[in-house]
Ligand SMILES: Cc1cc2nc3c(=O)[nH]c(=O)nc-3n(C[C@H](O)[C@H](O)[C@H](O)COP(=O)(O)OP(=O)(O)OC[C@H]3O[C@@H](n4cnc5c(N)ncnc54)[C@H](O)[C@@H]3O)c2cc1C
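The form predicted on its own is given below as one chain in structure tokens.
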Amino acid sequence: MARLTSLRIGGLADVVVRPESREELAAVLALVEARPLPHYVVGGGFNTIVRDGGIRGLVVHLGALRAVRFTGDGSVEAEAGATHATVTRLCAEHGRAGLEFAVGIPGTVGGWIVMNAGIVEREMKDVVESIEVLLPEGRNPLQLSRDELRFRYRALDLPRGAVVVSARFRTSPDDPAEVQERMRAHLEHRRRTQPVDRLTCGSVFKNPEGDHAGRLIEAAGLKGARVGDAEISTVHANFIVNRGRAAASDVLRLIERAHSEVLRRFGVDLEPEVHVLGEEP
């Protein structure tokens, strides 16, 4: 799983399947529903840590579902496996405004939606017009409008077993140079404040109400703390960096240390944003 996660860590999975179409994905979901089989869906592998013992069951990788197109009304429709870079770059090239805030938010469209990714000022819920999901018991995608979606902070409530296969984003026409300049400013800010050039899983903890997880971890004196080859980033303390040969156990020990120290010193019970999958060796 190290090949399928942004931290480049994780043990072996029993089976990895990479559907080449929605029809193949529907067939896979029907299979795991009928057996039933334990299964996990991944895209870019951000916000995901796989333990060193790997995954017992099936991993469904959505990387082949990556089509992006502009609709007649100016919306952008992107499949779940389309990367953040592809979507934002096409918007800039075609002068479509609305997704500038998302430049540099790592991962794929499916992850963006499921995690309600965003920044302080703007999230996916603010730009999504509709999504398509596949359900284990159905072969045809189900379209859900924005009004039917229950977004929360870094989460989206979906029907049991639903897999996001595409999303439609609202955009508006603008000068391509202006769109590109706003994206450049967002990306430059991200480069100054986050370790975007290092191996990370994205933000480790959700921000508690009225505060920031990174500030609390830094105030606890843990910026730069290491376990093995895992390090709490010296750029932003809510990121853990793989310095090259980190194991999942190293990262998880740092997460537990940050959680317990912030709770001890400040009484704040940080909630993980990252999802941990798999088994111990």
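Everything numeric in this text was worked out from a predicted model, so none of it was measured. The first residue of the sequence shown is number 1, and the count goes up from there.
FYI, the form predicted together with the named molecule isn't displayed, but the following is about it.
- Taking the partner from the other structure, the named molecule in the predicted complex has a heavy atom within 4.5 Å of a heavy atom of Thr48.
- Contact check for Thr88: no non-hydrogen atom falls within 4.5 Å of the named molecule in the predicted complex.
- Residue contact with the named molecule in the predicted complex: Val41 places a heavy atom within 4.5 Å of it.
- Under a 4.5 angstroms non-hydrogen atom cutoff, the named molecule in the predicted complex lacks Val103 among its neighbouring residues.
- Figure note: of the listed segments 179-187, 196-204, 89-97, 144-152, the one touching the named molecule in the predicted complex, with heavy atoms no more than 4.5 Å away, is 196-204.
- For the marked spot (Leu62, Phe239 and His275), a heavy atom within 4.5 Å of the named molecule in the predicted complex is present in each of the three residues.
- In sequence order, Arg154, Ala162, Val163, Val164 are the residues of 135-169 having a heavy atom within 4.5 Å of the named molecule in the predicted complex; the partner itself is omitted from this view.
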